[in-house]
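Below sits a lone chain in structure tokens, taken as the form predicted alone.
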């Protein structure tokens, strides 16, 4: 199945902005983080098709996953 991954802010460093990947059925967001070498604490906000998602969520063909790091400010 094809899944589009979008990375934001510091997560893009030495990686990519947007890329389409081929994954096996039953792939979860956690599996994607592992494959991209992104620690779970570095993926503070995750959306699938524009809706908040848990790391255990299984993905479907055509899904778009957006991953954001923790956001600081003051």
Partner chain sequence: MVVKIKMDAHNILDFLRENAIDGVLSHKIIEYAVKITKLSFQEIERISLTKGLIPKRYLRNQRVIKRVEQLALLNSCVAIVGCGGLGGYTIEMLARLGVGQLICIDPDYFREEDLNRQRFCNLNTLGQLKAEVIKEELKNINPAVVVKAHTSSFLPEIGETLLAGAQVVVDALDSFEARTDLAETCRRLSIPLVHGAIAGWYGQVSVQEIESNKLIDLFKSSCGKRELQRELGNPSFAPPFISAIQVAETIKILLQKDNNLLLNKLFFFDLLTFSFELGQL
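Numbering follows the first chain given and starts at 1. Not measured: the values here are computed from a predicted model.
What follows is about the form predicted in complex with the partner chain, which we do not show.
The partner chain in the predicted complex is approached by residue 43, whose closest heavy atom lies within 4.5 angstroms of it. Within this chain, residue 57 is remote from the site of the partner chain in the predicted complex, having no heavy atom within 4.5 Å. Contact check for residue 47: a heavy atom falls within 4.5 Å of the partner chain in the predicted complex.
Taking the partner from elsewhere, residue 19 is found to have every heavy atom lying beyond 4.5 Å of the partner chain in the predicted complex. No residue of the trio 1, 35 and 62 has any heavy atom within 4.5 Å of the partner chain in the predicted complex.
Heavy atoms closer than or equal to 4.5 Å to the partner chain in the predicted complex belong, across 1 to 17, to the residues 6, 8, 9, 10, 12, 13, ordered by sequence position.
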